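This document opens with one chain alone, in structure tokens, the form predicted on its own.
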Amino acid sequence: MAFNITRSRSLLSPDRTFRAITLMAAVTTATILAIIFVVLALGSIPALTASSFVDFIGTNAGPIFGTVATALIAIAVAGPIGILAAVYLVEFAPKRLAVVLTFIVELIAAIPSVVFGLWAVNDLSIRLRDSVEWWIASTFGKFIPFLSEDSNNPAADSVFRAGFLVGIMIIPLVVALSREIIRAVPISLREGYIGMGATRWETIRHVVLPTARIGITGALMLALGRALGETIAVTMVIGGSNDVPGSLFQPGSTIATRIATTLPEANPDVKSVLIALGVILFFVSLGLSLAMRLAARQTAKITASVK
């Protein structure tokens, strides 16, 4: 009896050890995040105390606006395309074709952002200006000034083009993460719904996507974080104006591009301002992530009520 008790304790010790290791990993992650935030918060105090918070936001409204605008445009571009591509790879694509397409997606994800920026500067930006921007401005610009454009003298760079470029860059991330999440949906759920007479589309709409909704939302949040922090490619096509643009088709800037272009020659006072902008970027990212979660929950409630 004593031997069995001793043996059971020895078997439990690896579990306790592994539990302690995982706890340490979790605490380390949280500690790193706390250290980053505390260091940035302390570094931003001189800039935030030099004037009121409202004045600080007003002075830096251009980069803040550009950050939110480019991120939302990027998600609007990458979200639907990435999720639909993931659905096709899991639900419809033949196995061999799915392998090839998955490899291509992973290859695109490995391309450095500066390469995307060079492509945008030399080709994509001009094509967007003469096609998508022109169509949006001519269709909606008459009613929505924020979507207007000077057809006689279109801007060389714009916030819209920067957001569209980032959207292309984060599509592989959305596809890869959404694909794994959709694949994790049990086959029995699909088979049960199809056995009740549902079509393939109805099964995907009412079973697969709702089941994977939380995971897909997480994938979009990770993609949003990438969009908010993208710097090099955005710097090459957004224009570098620190003012709030009167239209999405005019030059602007983001917090990341402002920090990257100003930091090398910044004095201590300017560095404090840049650090404060970093803190604001942290809260912007947190706020947009929470908004996406709330929107996903609200959409789920509306869908459930309709059913």
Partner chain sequence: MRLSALIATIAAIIPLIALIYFVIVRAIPWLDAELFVNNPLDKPSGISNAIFGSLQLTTAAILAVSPIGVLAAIYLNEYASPRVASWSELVIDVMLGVPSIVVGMFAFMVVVPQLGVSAGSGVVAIGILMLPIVVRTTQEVLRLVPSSVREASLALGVPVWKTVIFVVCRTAFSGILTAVILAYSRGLGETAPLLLTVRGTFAQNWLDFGTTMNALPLTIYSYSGAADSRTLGQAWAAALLLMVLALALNIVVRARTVNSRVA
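Numbering follows the first chain given and starts at 1. In this text, rigid core is short for the largest set of C-alphas that superpose within 1.5 Å between two forms. In this text the structure is predicted, and so the values were computed from the model without any measurement.
Keep in mind the form predicted together with the partner chain is missing from the figure; the text below concerns it.
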Q. Is Lys142 one of the residues lying within 4.5 Å of the partner chain in the predicted bound form, judged by heavy atom distances?
A. no
(Q) Residue-level contact is defined here as any heavy atom of the residue lying within 4.5 Å of the partner chain in the predicted bound form; does Thr59 satisfy this criterion? (A) no
Q) So, in the predicted bound form, is Gly229 in contact with the partner chain at a 4.5 angstroms heavy atom limit? A) yes
Q: May I ask you to check whether Thr261 falls inside a 4.5 Å heavy atom distance of the partner chain in the predicted bound form?
A: yes
Q) 134-142, 67-75, 155-163, 88-96: which one contacts the partner chain in the predicted bound form at 4.5 Å, heavy atom to heavy atom? A) 88-96
Q. So which residues in 15-37, when you check the partner chain in the predicted bound form, have a heavy atom no farther than 4.5 Å from it?
A. Asp15, Phe18, Arg19, Ile21, Thr22, Leu23, Ala25, Ala26, Thr28, Thr29, Ile32, Leu33, Ile35, Ile36
Q.
After core superposition, I'd like to know whether Thr261 moves between the shown form and the other one (criterion: C-alpha shift of 2 angstroms or more).
A. no
Q: Looking in the predicted bound form, decide if the C-alpha atoms of Leu288 and Leu173 are closer or farther than in the form shown; they differ by 3 Å or more.
A: closer
Q. Are Gly225 and Val27 closer or farther apart at the Cα level in the predicted bound form than shown, by 3 Å or more?
A. farther
